[in-house]
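To begin, one chain is listed below as structure tokens, in the form predicted on its own.
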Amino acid sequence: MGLPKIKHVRAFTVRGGGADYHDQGEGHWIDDHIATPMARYPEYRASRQSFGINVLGTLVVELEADDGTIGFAVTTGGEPAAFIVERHLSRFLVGRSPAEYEKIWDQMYFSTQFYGRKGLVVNAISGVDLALWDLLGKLRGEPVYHMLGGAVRDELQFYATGARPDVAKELGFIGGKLPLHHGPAEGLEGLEKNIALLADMRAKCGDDFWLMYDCWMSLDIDYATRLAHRAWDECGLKWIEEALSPDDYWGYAQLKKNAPPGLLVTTGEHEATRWGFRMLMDMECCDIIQPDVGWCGGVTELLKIANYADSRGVLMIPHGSSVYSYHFVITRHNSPFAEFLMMHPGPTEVVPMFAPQLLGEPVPVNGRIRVSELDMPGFGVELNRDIALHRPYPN
């Protein structure tokens, strides 16, 4: 017997935390004077929310099969993405089996290519694709990682992204990634502050703990090169992440040549699809690619990206995206560890990454999650029905 067909497609928006993890209250570390491409303008330097990083909110995609089974996923995109899902992508879903994810992905991508290709449209496609895999797993009674070939290790180990690597070390993580606070517009004084903060964390964490800098697309070649050499020479930085605009493949190739031997150049959080990542790898732009499964095209596309990376000998450490990346990383030899976003405001505690939207979300204990914690059907989480779901474009 075939699987039940998709009967309903629903797209909701939610505000406050969760998948749009930048949508936080005042005083959260994630919005505390972090270097951005907009930092060249003083009025947008102190807060990323000041230039609108949190305007979209979360997108929730829900697919209901004709037997009543529901698969869902969360990503960013808010109301514009909800419109794309309900008014455009739904035609490729209703009446179809979720097992047809390859054909469905192909039709979603190429039907939107004239106004999509990356960004918001691929976020919407990613949300649908993740919901398809969740639905497929629930219909088959299998966790997603089983459908991806099974675990290649018994547990996931994590590094932590947040403002307190010293706390992350105490909590058992293998490394800590700091947000860069000062970009080129703040000159030599800002560069000295960046190095001073890194040196302070190195003193607190010791020499055997990984420290990384997340530059969030904010630098130019000259500044990134100077930061890379000083951070490596003075503080033993492990990698410099997303230093340049994601469209500047040529700049990344040059930065990789400029970087001191031993320092890793990483990027890809804001890249999308197999074609974008092929550019990064073919042009030798980085040592590690970092796709976000909720932004790059979903699991269906991440498989293609990962396989190409494996063939090129490039490590793939997905951007932190909770269970959606956990189920993938546990199946891949070229993804030996994972990222955990420290969403506590301090951050001084381990809290669920996509709260309050996901129920049953596993979190690392001593920097690790056992594979047995992923052994529920689909992605193993449920949607919190007590949050304020809004469906702006019902069919």
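Model, not experiment: these values are computed from the prediction. In case it trips you up, residue 1 is the first one in the sequence shown, and so on.
Absent from the display: the form predicted together with a small molecule. The rest refers to it.
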Under a 4.5 angstroms heavy atom criterion, identify the one residue in T267, S218, T161, S322 near the small molecule in the predicted bound form. T161
Contact with the small molecule in the predicted bound form, heavy atom within 4.5 Å, among I34, V329, L63, L358 goes to I34
Just to confirm, P179 within 4.5 Å of the small molecule in the predicted bound form by heavy atoms? yes
In the predicted bound form, Y44 touching the small molecule (heavy atom, 4.5 Å): no
Answer for R368 alone: is it within 4.5 Å of the small molecule in the predicted bound form, judged on heavy atom distances? no
Though only this chain appears here, would L56 touch the small molecule in the predicted bound form if you measure heavy atom gaps against 4.5 Å? no
Which of 330 to 338, 360 to 368, 66 to 74, 24 to 32 has heavy atoms within 4.5 Å of the small molecule in the predicted bound form? 24 to 32
